[in-house]
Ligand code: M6R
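Below you'll find only one chain, the form predicted on its own, shown as structure tokens.
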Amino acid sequence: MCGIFGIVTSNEQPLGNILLDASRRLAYRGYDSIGCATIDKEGQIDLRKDVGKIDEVNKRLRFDTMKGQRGIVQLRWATFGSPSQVNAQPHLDSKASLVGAHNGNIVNNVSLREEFIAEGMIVRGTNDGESCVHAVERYINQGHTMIEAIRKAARDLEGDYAFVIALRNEQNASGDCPLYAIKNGSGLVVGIADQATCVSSDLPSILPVTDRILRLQDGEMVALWPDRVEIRLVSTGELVHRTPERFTKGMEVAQKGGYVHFMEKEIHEQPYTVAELTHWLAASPHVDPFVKALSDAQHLYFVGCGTSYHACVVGAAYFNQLATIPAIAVLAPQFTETLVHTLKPTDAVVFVSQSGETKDVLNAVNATRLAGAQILGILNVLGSTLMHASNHYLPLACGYEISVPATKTFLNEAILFLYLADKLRRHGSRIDWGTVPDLIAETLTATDSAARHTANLLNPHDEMYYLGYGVTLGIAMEGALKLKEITYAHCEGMLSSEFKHGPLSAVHGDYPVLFVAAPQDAAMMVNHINEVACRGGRSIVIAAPSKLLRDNADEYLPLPDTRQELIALLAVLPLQLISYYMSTSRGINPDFPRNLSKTITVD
């Protein structure tokens, strides 16, 4: 989820501060490196880039002194290739005639790099943004114009992306040199000012330049000159006519994409982030070695903390049910104290950490290393300590998550476990992963109203239970954690069949108990629902369409009817929404709950 910004001006001028200002307005998306490129009237490219924070790198490289008529700045969040100076963007082609940067994931990056090297191109790094530049270079070398080269390059690039690119000495009759951009799944907005035009992956970086904007659609490209822009269909090259609109809602609204809070925005980003992940997994050479390590392990453990631990609980259920591979989910501190002493070199431990820096997890990693077992990492931050400590790792491809309560990172962790279990499954048909992002989007839309209603029902209460069974146990635990984090109500997530062993005594008149049920567990869940009902409690059920469950529940929140293993993942979406709506109704900012931070780096 990188950030890109490009600008074309009528006269050569200091562009460094404009690019820096744009980068600061994109920084909320998260990044590990920054780079700026400017091109002057003579076509000379000035490229400066490195790993680090904006102001820190600017002190070393002096972006603020850069001049030109065209400029590009990029903030990179690493997915392909570790954070490094050579992988930082923008990138040059082999002859330093093209310069460009991208946002998104080119999932066939590895095979493209092999093709480019075989064709004699100079490939300097492993970042997929560089592949965008070389893909255009390939067709420029064949004599095509920039527009045709970009259109043809788009056919070679697989994944969701947007990129900005320029040829250093391309001019029109008036001597103006254009900038080009293309959109295919990732965001791209064009801005039109009096003496300049600009393009960006995100609206906030454009607003200091102009409030006149054009929103590009997937499958479109744009050429930018100082006094005009031309939008074309990538498929045919046909011109598209679109009237600019004025954006008048302010910077904070722009940063949050029109949502009130980042948590709400990140909940609704999940169809996109799941698509990013599954596309990446389908093309990545990292998956097969990871899967082999899982299947070869004599004993297999999934280790995490908090939200990541709940994903491990879900993942262990998938591995046991679908792949028939015994997997044990365990909290990181508990693993260090009780299980690490039994590890052997033939065992494998999957460590899950959004940041890759969670101290409890790293303590367990260090203990595992001493025992000689395989260390497998699932993480969102490339270049993190967990990544470097792992024998094999897989990224979550979520981009930066601003809101403290994890939403899209949890879903991608659980999706990744399901994807791995699906590859190793011993029975049943494989999942059609191309349908899953749409199913997530459908669920968010279909359950929103019911989630608001449920939040209103729960709001008068400061204590309640969320119960799951089988694969939905981890979902119930995660839903309860979200409620605790951002509403400050006490909510316990636990196994529904365990509820009768003590906690049932808490149930009295109208006491709320929420059940998360998968289709195959409906009959068992009815028993547990009625244990609550006959003691005067209020049962709320989240499940796929089921007459049996509906007839026995006080409140019923239906999910789309789909496969057993996907129902559990869909159920977390209304749970996230319930927590969000209950939090805001209590006047709490869900993005920054009290006493919590995103990354825990202490014991």
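The shown structure was predicted, so the numbers you read here are calculated from the model rather than taken from an experiment. One rule holds for the numbers: they count along the sequence shown, beginning at 1.
Another form exists, predicted together with the ligand; not displayed. Remarks below refer to it.
Asker: Could you tell me if S355 has a non-hydrogen atom within 4.5 Å of the ligand in the predicted bound form?
Answerer: Flag for S355 set to yes.
Asker: Do G306 and the ligand come within 4.5 Å of each other in the predicted bound form, heavy atoms counted?
Answerer: Because a heavy atom of G306 falls inside 4.5 Å of the ligand in the predicted bound form, the answer is yes.
Asker: Please tell me whether any heavy atom belonging to P405 falls inside 4.5 Å of a heavy atom of the ligand, as the geometry stands in the predicted bound form.
Answerer: Yes, P405 sits close enough to the ligand in the predicted bound form that at least one of its heavy atoms falls within 4.5 Å.
Asker: Is H102 one of the residues lying within 4.5 Å of the ligand in the predicted bound form, judged by heavy atom distances?
Answerer: No, no contact at 4.5 Å.
Asker: Go through D347, E485, E531, E220 and name the one with a heavy atom inside 4.5 Å of the ligand in the predicted bound form.
Answerer: By the 4.5 Å heavy-atom cutoff, the listed residue in contact is E485.
Asker: Identify which of M146, L157, L481, A323 has a heavy atom within 4.5 Å of the ligand in the predicted bound form; exactly one of them does.
Answerer: It is L481 that has a heavy atom within 4.5 Å of the partner.
Asker: Which single stretch, out of 237-245, 504-512, 120-128, 298-306, brings residue heavy atoms within 4.5 Å of the ligand in the predicted bound form?
Answerer: Result of the contact check: 298-306.
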